[in-house]
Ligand SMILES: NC(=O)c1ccc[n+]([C@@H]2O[C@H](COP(=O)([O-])OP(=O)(O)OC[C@H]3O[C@@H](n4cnc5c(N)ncnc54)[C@H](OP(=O)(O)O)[C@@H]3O)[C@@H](O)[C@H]2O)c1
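Next up: a single chain in structure tokens, the form predicted on its own.
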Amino acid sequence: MKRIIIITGASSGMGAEFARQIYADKSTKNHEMWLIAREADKLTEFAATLTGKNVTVRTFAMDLCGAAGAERVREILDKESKRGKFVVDMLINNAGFGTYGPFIETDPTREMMMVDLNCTALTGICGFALPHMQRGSRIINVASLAAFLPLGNFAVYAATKAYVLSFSIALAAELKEHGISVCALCPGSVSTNFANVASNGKRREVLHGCDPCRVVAHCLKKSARGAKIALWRPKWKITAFMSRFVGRYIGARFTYLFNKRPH
């Protein structure tokens, strides 16, 4: 039976790193990898770098935003079903973005798009992929360290990632008897294009960003062991733990006053 790995937001950043590491893993021999991203040229260019292994790479250039985006994934799954039986071995929901700045100064339309992509699309893709999964399948949902506390100057993004974390933990509990694992990756600053997008080009590089290679490698290892949350750096683990002792309003007010972000 055909075994498929689906990665969204796969043309760059952590999505591309997930693709590289999974492609290089000996256990994925004879698998089919579906790479999904919005920009066709970047996606095709990246896919061309994955050579020399017996893995079929297929690319799907599409906008995943909202329910319509999730439906597009459902359509390609339905088309694949007509071609024969298959199983989704792994689903990595990496597509998403953030915006910096106080909510009153940001574009409400863009904030709603963020909710649609970070939450709605992720939820729908999980729901549409699950019927094609079986015992041993894995879901990795990319959340954020921002998921653990409301953050000023990052209000909507932190809220979307809090949703991803909560949803992932609940889904893991529901799927335990089915043998399907769910892991929420909750990274802090990682050296990707995230800051450039979130700041509208005013911050090219995230401050103190970590190597995405190490973050992804740790996540894949923890997911394979059944972990519900992946936090690579000790600093991130401490921050996540200490967040439970900080009042939500206090955390949001403090970050609003002292953690300004270019926007």
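Quantities reported herein were computed from a predicted structural model and do not represent experimental measurements. Residue indices: 1-based, along the sequence shown.
The same protein also exists as the form predicted together with the ligand; that form is not shown, yet it is the one meant from here on.
- Contact check for N193: a heavy atom falls within 4.5 Å of the ligand in the predicted complex.
- Within this chain, S12 lines the site of the ligand in the predicted complex, having a heavy atom no more than 4.5 Å away.
- Using a 4.5 angstroms limit between non-hydrogen atoms, G188 touches the ligand in the predicted complex.
- Although the partner is absent from this view, M33 stays clear of the ligand in the predicted complex, with no non-hydrogen atom inside 4.5 angstroms.
- Remark: of stretches 173 to 181, 92 to 100, 130 to 138, 76 to 84, the one touching the ligand in the predicted complex is 92 to 100 (heavy atom within 4.5 Å).
- Contact with the ligand in the predicted complex, judged by any heavy atom within 4.5 Å, is made by just one of C213, I238, A224, V197: V197.
- Residue in contact with the ligand in the predicted complex (any heavy atom within 4.5 Å), chosen from L220, A47, I229, M62: M62.
- For the candidate spot formed by A37, L117 and V206, every residue has a non-hydrogen atom within 4.5 angstroms of the ligand in the predicted complex.
- Contact annotation for 221 to 256: no residue has a non-hydrogen atom within 4.5 angstroms of the ligand in the predicted complex.
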